[in-house]
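Single chain ahead, written as C-alpha cells, the form predicted alone.
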C-alpha cells in the first residue's frame, strides 16, 4: 500500500509554528522600533530599528542588579530542587509502611494553590530570619512536588538489576543515586532544571512579599519599577520583556529533547 505524502503534515506544522512565533516576533520588532502598537495598518517589517530601548532598560534602572538577584535565586532554587527532589524521588521508589499515604498526601498538596500557603510560608521564613535575602526568596522553590514525581518515574524505569548489582558491589544509597540513577536520568534532570528555572525566574508575588529593599528585587519586580520611571514605555517595556525572555528560551531550546523525554520517562520500563 502506497504511503501518503508527508508534506501536508509538515506544511500544517510549519503554519502552526509561524502563528505561534508571531507574538515573539512582534515583541522583538516593537522593542527595536518603539512604534505605536495600535497603529493601523500594522507594519510587518521594522522601520529604522535601533537599540536605544535596550540602553534605557540597562541604565535607567539598576537592571544588572536585578539580573544578578534573579540569577542567584534561580541557581539556589535549581540546586535545592536537584538535591531534595532526587532524594525524595528515590525514597518513593522504596517499599516502606505508609508509602502509599505519603504519595496520596503529595498528590493532594498539588491541589492547594500557592496563594493559600503564603501566610504560613511567610511566618516560617520570618522565623528562620531569611526575609529580604536570596535564600528567603528561593525558599518555597527549593523543592516542587511535580519534579519529585518526575524523578520517581525516571528512577523506576531504570532496571532493578543495575541497582542490585551496584548494591552487591558495596555502593551505598547515595552513591547508587549519584553514580547509577542520575547518569541514566538526564532527561529528568533537564526537566527539573527547566521547570525550576521558569518558575523561579518569573516569580513575582513571593519576592514582592519577602523583599524589603530595592537592592534585593528580582527582574519581575524591576519591571514594575521600570514602568514608573518611563512615561513612553512601549518600546522600552518590550525591550525589558525580551531581556527577561531570552535566558528561559535559550535553556529550553538547548534541552527541549531531554525535557520532553523527561515528562514521558515513566511511560515505558527498561
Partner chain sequence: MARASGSTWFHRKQTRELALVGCFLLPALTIFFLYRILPLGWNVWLSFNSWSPLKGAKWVGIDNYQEMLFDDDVFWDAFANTLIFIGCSPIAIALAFAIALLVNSDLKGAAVYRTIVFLSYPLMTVAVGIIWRWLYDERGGFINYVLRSSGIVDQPVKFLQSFDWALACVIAAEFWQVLGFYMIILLTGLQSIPQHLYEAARVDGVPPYARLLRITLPLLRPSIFLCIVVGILNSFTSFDLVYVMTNGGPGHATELLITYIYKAGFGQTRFDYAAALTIVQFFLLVVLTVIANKLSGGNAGSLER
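Superpose the two forms; the largest set of C-alphas matching within 1.5 Å is the rigid core. Numbering follows the first chain given and starts at 1. Predicted model only: the values in this text are computed from it and were never measured.
The same protein has a further form, the form predicted in complex with its partner chain, not shown here; the description that follows concerns it.
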Wondering, does residue 69 line up within 4.5 Å of its partner chain in the predicted bound form on heavy atoms?
no
Taking its partner chain as it sits in the predicted bound form, is residue 237 near enough to touch it, meaning that at least one heavy atom pair lies within 4.5 angstroms?
yes
Is residue 156 near its partner chain? Define near as a heavy atom within 4.5 Å, in the predicted bound form.
no
With a cut-off of 4.5 Å between heavy atoms, is residue 220 one of the residues that contacts its partner chain in the predicted bound form?
yes
Residues within stretch 87-118 having a non-hydrogen atom within 4.5 Å of its partner chain in the predicted bound form:
87, 88, 90, 91, 92, 94, 96, 97, 102, 105, 106, 109, 111, 112, 113, 114, 115, 116, 117, 118
Large Cα shift (2 Å or above) at residue 26 between this form and the one not shown, core-fitted
yes
Return yes or no for residue 205: a CA shift of at least 2 Å between this form and the one not shown, with the rigid core superposed?
no
